[in-house]
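To begin, one chain is listed below as structure tokens, in the form predicted alone.
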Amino acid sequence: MTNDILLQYTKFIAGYAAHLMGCGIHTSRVIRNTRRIGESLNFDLQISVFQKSMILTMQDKETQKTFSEVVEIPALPISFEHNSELSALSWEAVDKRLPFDVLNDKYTKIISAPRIDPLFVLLLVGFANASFCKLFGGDWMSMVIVFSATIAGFFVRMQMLKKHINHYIIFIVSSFTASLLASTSLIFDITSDIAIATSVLYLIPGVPLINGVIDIVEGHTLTGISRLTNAFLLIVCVAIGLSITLLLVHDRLL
């Protein structure tokens, strides 16, 4: 096996691992999946994962040649679909000993597949947040207001993401937008406090919180702490946006 081919394999596996991390998968699963891919290509792998980058070292079992690759972890939307399909691909690769060309084609097809329609996602997020409002005791009018406020806040978030604005600022603005619109519930004799409180729940970073705890429990302390720290800062940003609204409508809540 030539050096060019080994380097090609190394770059592919590094890109595979980085994509999994960017999609919001806990570290131990990324390592297991990536090692299965390496095993299917007859490589031993060592992986070091940091907050924004990964170092992957591969050794060819036959020639004992070693290659290392440093790859940046991309900032991707959380995708349970990619999580499932890329994990399944790693099992298929090791079980069927897929040739590299076939493996690369399947990987490219998975990551390039069209995503769910943003409008559909927008509606689902609105219904989910309205359901939270009902779950916490909100009435039907409050649910309608939360649904509208959530859609507006999420739409603002999507537009700001397209402009590559700092994500902390995005969370503050989105939280403020949703909670301010939800504060229109104060005009009516309804459960306005629940409407305002639940209007920002779609911004709570549940996946980073869960992954951070899993990483720490499984020994990937550095990655876990970085994920929990980032999640904590996002929660603070949500609180800032909500606090601005509460300062504006404070007199109406009392």
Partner chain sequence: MEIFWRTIAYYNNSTWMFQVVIVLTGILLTILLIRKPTQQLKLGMKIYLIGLNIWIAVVYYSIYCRERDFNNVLSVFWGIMALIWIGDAIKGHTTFNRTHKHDFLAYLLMLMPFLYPVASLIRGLSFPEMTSPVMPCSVAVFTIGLLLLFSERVNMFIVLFLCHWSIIAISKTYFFDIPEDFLLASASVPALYLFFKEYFVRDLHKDTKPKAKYINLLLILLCVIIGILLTITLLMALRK
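Model, not experiment: these values are computed from the prediction. Positions refer to the first chain, counted from 1.
Below: the form predicted together with the partner chain, not depicted.
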Within 4.5 Å of the partner chain in the predicted complex: all of 7, 20 and 54, by heavy atom?
-> no
Report the residue, out of 73, 111, 98, 144, that has at least one non-hydrogen atom within 4.5 angstroms of the partner chain in the predicted complex.
-> 144
Which one, 123, 88, 161, 169, lies within 4.5 Å of the partner chain in the predicted complex by heavy atoms?
-> 123
Which of 181-189, 22-30, 38-46, 200-208 has heavy atoms within 4.5 Å of the partner chain in the predicted complex?
-> 181-189
Can you check whether residue 149 is within 4.5 Å of the partner chain in the predicted complex, heavy atom basis?
-> yes
Decide whether residue 115 counts as a contact residue for the partner chain in the predicted complex under a heavy atom distance cut-off of 4.5 Å.
-> yes
Residue 81, heavy atom within 4.5 angstroms of the partner chain in the predicted complex | yes
Are any of the heavy atoms in residue 136 no more than 4.5 Å from a heavy atom of the partner chain in the predicted complex?
-> no
Neighbours of the partner chain in the predicted complex among 223-250 [non-hydrogen atom within 4.5 angstroms] | 248, 249, 250
